[in-house]
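Taking the form predicted alone, here's one chain by itself in structure tokens.
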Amino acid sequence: MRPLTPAFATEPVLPRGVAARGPAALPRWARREWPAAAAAAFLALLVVLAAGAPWLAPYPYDRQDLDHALQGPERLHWLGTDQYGRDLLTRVLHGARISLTVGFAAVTAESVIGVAWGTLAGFYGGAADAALMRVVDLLIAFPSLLLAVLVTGIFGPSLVNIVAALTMTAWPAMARTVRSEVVALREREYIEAARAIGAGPGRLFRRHLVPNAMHLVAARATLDVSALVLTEATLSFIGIGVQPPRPSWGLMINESFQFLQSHPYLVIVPAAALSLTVIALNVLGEALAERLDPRLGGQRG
């Protein structure tokens, strides 16, 4: 049986069945993993709608029409209007734009910091590992929502501060995940072979350690987007996130909560958008984790 890692290789050879698959495999994957395919389709549609919200939305998100306040779904307002006569569909689309922008910006910053921190800690070990991971342990021990509340409460509820607060709550867990993988990878034969031919730390990071940890980074980042979107909605709901008149799903739920009994659709619409987005991100993240895990590559064709 052919070994997975040749004696003098500097990079791992993938098991049989993990080789790149052509476009013909996509329909088979969609049929077999239909929940993940449905989640991916929903998220793709949501991203397109959010990106095109300024052009696709029928009205400006802050346009008020008090003569048509609290109207149910109709021809001119497909999802109805809120207490100020603002079009609910418009505000949901712009709310998706803000939630996804904040979520993806925070997870990008989280990934950069977490991958760098975790790779350095896992590769060098010893005192450097202990010092770096104590910082991670300290931040993880602090409740993430409380940390986000403190940051936005102190520095103000701007979008930049919200992204910074969410990044602070998320990167320690990413760093711990990457560090664990790097600790396991640094003892592999191909790492030893690369060292033997003179590869320095920079080359090992770029060519071997980080690429072989990316399946964990991608899966965790996808799952973290859902948590960050939910945290942003929570901050907006309690009044220290996105400020009116800019729409956020959490802010929309907060403003409409008083009408829950008389006009429940005002709460149901943004809550449903938030719930479906979080569920879709979680489903896609779980599928991505299985798809990219090299230990399952030979079993999931």
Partner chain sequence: MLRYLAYRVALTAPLLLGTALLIFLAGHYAPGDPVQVLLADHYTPEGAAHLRHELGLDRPLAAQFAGYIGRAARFDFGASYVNPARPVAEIVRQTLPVSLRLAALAVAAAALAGTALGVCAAVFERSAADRLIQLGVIAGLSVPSFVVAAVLVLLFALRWRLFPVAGWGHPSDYVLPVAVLAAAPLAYVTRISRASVRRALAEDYVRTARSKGLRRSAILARHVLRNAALPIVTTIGMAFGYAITGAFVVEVIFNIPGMARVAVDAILQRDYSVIQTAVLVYTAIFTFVNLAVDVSYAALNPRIRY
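Just so we're clear, the structure is a prediction, and the values are computed from it rather than from any experiment. Numbering follows the first chain given and starts at 1.
The same protein also has a form predicted in complex with its partner chain, omitted here; what follows describes it.
Across the options 78 to 86, 182 to 190, 211 to 219, 148 to 156, residues that bring heavy atoms within 4.5 Å of its partner chain in the predicted complex belong to 148 to 156. Contact annotation for residue 64: none of its heavy atoms lies within 4.5 Å of its partner chain in the predicted complex. The closest heavy atom approach of residue 237 to its partner chain in the predicted complex falls within 4.5 Å. Among heavy atoms of residue 230, some come within 4.5 Å of its partner chain in the predicted complex.
Mapping the unseen interface onto this chain, residue 41 falls outside it, with no heavy atom inside 4.5 Å of its partner chain in the predicted complex. Site annotation in the predicted complex: the residue of 141, 160, 130, 197 reaching within 4.5 Å of its partner chain with a heavy atom is 141.
A single residue from the set 27, 58, 52, 264 has any heavy atom within 4.5 angstroms of its partner chain in the predicted complex; that residue is 264.
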